[in-house]
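Single chain ahead, written as structure tokens, the form predicted alone.
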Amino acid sequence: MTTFLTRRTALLVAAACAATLGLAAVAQAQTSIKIGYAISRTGPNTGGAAVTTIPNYELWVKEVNAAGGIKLGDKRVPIEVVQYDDRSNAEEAVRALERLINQDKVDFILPPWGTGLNLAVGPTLNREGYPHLAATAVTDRAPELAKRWPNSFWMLGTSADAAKTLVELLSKLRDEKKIGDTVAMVSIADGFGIDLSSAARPALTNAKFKLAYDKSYPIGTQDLAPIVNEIKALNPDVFIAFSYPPDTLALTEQSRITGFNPKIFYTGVGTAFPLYRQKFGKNTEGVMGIGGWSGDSPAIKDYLARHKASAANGAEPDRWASAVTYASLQMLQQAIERVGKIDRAAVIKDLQTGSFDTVIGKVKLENNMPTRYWWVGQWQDGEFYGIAPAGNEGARTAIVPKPAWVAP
């Protein structure tokens, strides 16, 4: 009996030693963390990806590697990047992710730009067990998708919350006699525009606003002058456009040219871009749009300075999803380091339950979503400040009515 126990004990000890040595060998072999992404370098999503997503991916990788890499256990390993162009196309985005997973064997995947493409790649990332930090997607399906795909994290929240916050602000301004109740709304016929307009429509109706105009336009539409002219003839107090960057610029330019200047002029993605201020100068004053940030926050000011120093030609981030995108990367790094190894399931669990220090403040997710958002911002004195929800730290008071357009 004694001999049998001794042999068994010896076998167990040997197995434990082998397992320990095996783990040590794996840790020793991990000389880098391979991170992949497919992003829109061509096609209609190029503008959004070039401003919001690509510079933040590049800044994060540069800063992490300059600090020695991501910490795994008692050592740091650099990030190795594999990237593809998704061509602003859902099928191409999915194919690129499958290539990253099956051919390139990447450890983690960063998401594409935009609501539509994040929805397109969601099933693949869930099936393969990769964390999906959707930092540029706004959809009412976010709570449902977070349950269906527990690996997914919806950093920009829901269309319903965006619409509710905007309508609450409009209702407050109407109560203060600063605006009337006539609204004109346009939206791009893509995931973002469809979701936001679908949420805003009943919210406006329930708040007793008169929706005098409500139309969508196809993605890639070049001439928006007919839409602006139709709306101008209706003389609404409020103009709302759930638009993508090219349309946001075109709608603003056409409104300036025709002299369409409602009391509230609100446009979608792109309003918070530095390009918007560069193009329109003093005419940005009073323009509202989706997003915003705490422009007076020391952490935001530091992030802005680092972004400008790193980006080509000193380019600035947008004042909404850029900081959220960078914050999501900080969260991913902190989760990986707390886990201490390449274990995607454990990293997902840490993202679900942990607290994270980021450029947008401390973040702790509930049901795979943040609890605080900026939904309405406004250009004031050359900066795009968050103005709603008003209870957010750093919120500014809205300037209403919007000042008249001036000659460029």
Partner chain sequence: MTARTAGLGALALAAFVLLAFVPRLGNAYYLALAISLLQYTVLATAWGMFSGPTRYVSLATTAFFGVGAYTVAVLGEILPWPLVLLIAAALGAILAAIVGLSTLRLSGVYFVIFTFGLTELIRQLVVWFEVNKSRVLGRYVFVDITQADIYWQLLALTAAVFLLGWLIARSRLGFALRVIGEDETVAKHCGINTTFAKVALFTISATVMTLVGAIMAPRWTYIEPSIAFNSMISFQVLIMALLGGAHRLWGPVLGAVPLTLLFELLSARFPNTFTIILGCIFLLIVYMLPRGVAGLFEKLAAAPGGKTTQRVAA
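Remember, predicted model here, so these are calculated numbers, not experimental data. Numbering follows the first chain given and starts at 1.
Here the subject shifts to the form predicted together with the partner chain, a form of this protein not shown in this document.
Student: Kindly indicate whether Lys279, Thr325 and Gly394 are, all three, within 4.5 angstroms of the partner chain in the predicted complex, using heavy atoms.
Tutor: The answer is no: none of the three residues contacts the partner (heavy atom, 4.5 Å cut-off).
Student: Closest heavy atom of Arg201 to the partner chain in the predicted complex, within 4.5 Å or not?
Tutor: Taking the distances in the predicted complex, the answer for Arg201 is yes, it comes within 4.5 Å of the partner chain.
Student: Just to confirm, Gly180 within 4.5 Å of the partner chain in the predicted complex by heavy atoms?
Tutor: Gly180 lies outside the contact set for the partner chain.
Student: Is there a heavy atom of Arg127 lying 4.5 Å or less from a heavy atom of the partner chain in the predicted complex?
Tutor: Heavy-atom contact with the partner chain at 4.5 Å: present for Arg127.
Student: Taking 4.5 angstroms as the cut-off for heavy atoms, does Gly295 touch the partner chain in the predicted complex?
Tutor: Contact check for Gly295: no, nothing within 4.5 Å of the partner chain in the predicted complex.
Student: Want to guess which of 307-315, 187-195, 282-290, 222-230 is within 4.5 Å of the partner chain in the predicted complex, heavy atoms only?
Tutor: Of the options, only 187-195 has residues within 4.5 Å of the partner.
Student: Only one of Gly73, Pro123, Pro78, Pro150 has a non-hydrogen atom within 4.5 angstroms of the partner chain in the predicted complex; which is it?
Tutor: Exactly one listed residue reaches within 4.5 Å, namely Pro123.
Student: Could you spot which one of Leu329, Leu275, Leu173, Ala90 gets a heavy atom to within 4.5 Å of the partner chain in the predicted complex?
Tutor: For this set of options, the contacting one is Ala90.
Student: Within 79-104, which residues have a heavy atom closer than or equal to 4.5 Å from the partner chain in the predicted complex?
Tutor: Heavy-atom contacts within 4.5 Å come from Gln83, Tyr84, Asp85, Arg87, Asn89, Ala90, Glu91, Glu92, Val94, Arg95, Glu98, Arg99, Asn102, Gln103.
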